[in-house]
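A single chain, nothing else alongside it, follows as structure tokens in the form predicted alone.
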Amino acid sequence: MANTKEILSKAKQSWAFQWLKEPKHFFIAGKSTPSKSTQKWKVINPSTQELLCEVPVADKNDVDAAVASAFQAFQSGVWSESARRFRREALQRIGAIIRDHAEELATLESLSNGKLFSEAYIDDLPESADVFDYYAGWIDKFYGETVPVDPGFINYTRKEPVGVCALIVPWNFPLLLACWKIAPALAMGNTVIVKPSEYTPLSVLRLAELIREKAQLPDGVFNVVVGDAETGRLITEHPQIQKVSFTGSTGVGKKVLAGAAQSNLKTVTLELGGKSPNILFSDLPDLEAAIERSCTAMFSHKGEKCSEPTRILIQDTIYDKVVAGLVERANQIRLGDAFQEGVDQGPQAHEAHYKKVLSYIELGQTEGARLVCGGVAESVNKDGKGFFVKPTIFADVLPHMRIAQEEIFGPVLVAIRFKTEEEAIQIANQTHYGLAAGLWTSDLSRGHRVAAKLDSGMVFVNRYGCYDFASPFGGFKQSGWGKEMAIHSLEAYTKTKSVWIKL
């Protein structure tokens, strides 16, 4: 792989910058479609606060048009009843398209989200492509079963596509999380409508154009509209949409669920917020490695990750040493423009979120937590523009404090002291969330024992943050319903039919 400087040089010459100057349209019924609405949303570069472009905001007419397109395509069977090989090759083409345009898509991702170009290009884009190959391989391997019923009958089950699926994507991983949803939905024969966040729609809009040009999907199978909260409401309440997959905050997830129930009881998958604990026992195998990984997992992608280890629980005998190590590393993190060489952290994704993060830092100090690192906005531009927040660590945090209970979704880490294993488990489970959790120990029995007692959908032992397409991603409690990835995601995009035959 080329070094970062070479990649950045190419990125700055990317066609993406020219593309920003072109009018932005939706993708409906296999073609670029101007919005019926006159409302526009300004997409801002969070590194500079400069206007990147304007995108249309879908109204009821736009949503109805996208749904009609997807519904007609599904009813026709042009995709759902097509040969498995046809669908498999189509998904593989999409994966290849993403690889061929990785630099361009990563550029758009960084421009609108603020994450480092290296994070978009090296972390996000390969997985965005590979997930299509992974689910292409599942197309002829996910099937029903014969059931042992009473004599005189044959009973079997069929796995059938759900229908029109709405895929609502957040602003923190705009392209990657869209692909996590698109690939399994299409693999199972559904038609889709993707709604990226209005803050970060660029990479998905460009992918839609590339799919139209090169993927050879039947018209109406893949549709994209951009919109705000009202657009999301129109989608979740639409009676011809049979499934909504939503990734975002727990508060909005509850509204999605209410809208789905109010309309037609469409099925819902929710991947929501987290306040994940990361427990460091004094017998951990490598203290420095644990500190290093905990810091990386916490502050990469500027802390805008639902599964990040935002609560670090440290056994009292190593507490001071761990906090000092975290502070030392956090103070070395360099802030700057997403495309700047030598930078470790970009800006928060948009102004409203930037202000929210700063308000939580102020709250932590009001609550009495000890600020040991960061705690301020940092201007990296001469004009003072950009939504930059220094990596922040609070020590001596009590479990009941709001900064230890509520999702901040930024570069703010809270350190909590514990004495016993039982106390650590109690503190770890003492939130409304249950997305992920980590623990570090040399005691194999403790590792299994604590993992079993943590009320989280994912538990990482001795290495926080392990992800694979073959492993389910998703949480418990108010962190969501259902799973992304693996075979488990396929269940979310199919319905099971039981067929009885009398002999």
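Note that residue numbering begins at 1 and tracks the sequence as displayed. Treat the numbers as computed from the prediction; the structure is a model and nothing was measured.
Unshown form predicted in complex with nicotinamide-adenine-dinucleotide (NAD); subsequent notes refer to it.
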{"query": "Among 294-302, 402-410, 205-213, 359-367, the region lying within 4.5 Å of nicotinamide-adenine-dinucleotide (NAD) in the predicted complex by heavy atom distance", "finding": "402-410"}
{"query": "Heavy atom within 4.5 Å of nicotinamide-adenine-dinucleotide (NAD) in the predicted complex - residue from 163, 95, 170, 386", "finding": "170"}
{"query": "Interface residue in the predicted complex among 267, 263, 331, 249, criterion: non-hydrogen atom within 4.5 angstroms of nicotinamide-adenine-dinucleotide (NAD)", "finding": "249"}
{"query": "Heavy atom of residue 195 within 4.5 Å of nicotinamide-adenine-dinucleotide (NAD) in the predicted complex", "finding": "yes"}
{"query": "Contact label in the predicted complex: residue 306 to nicotinamide-adenine-dinucleotide (NAD), heavy atom within 4.5 Å", "finding": "yes"}
{"query": "Contact test in the predicted complex: residue 102 vs nicotinamide-adenine-dinucleotide (NAD), heavy atoms, 4.5 Å", "finding": "no"}
{"query": "Proximity of residue 343 to nicotinamide-adenine-dinucleotide (NAD) in the predicted complex, heavy atoms at 4.5 Å", "finding": "no"}
{"query": "Partner contacts for 447-486, taking nicotinamide-adenine-dinucleotide (NAD) in the predicted complex and a 4.5 Å heavy atom cut-off", "finding": "473, 479"}
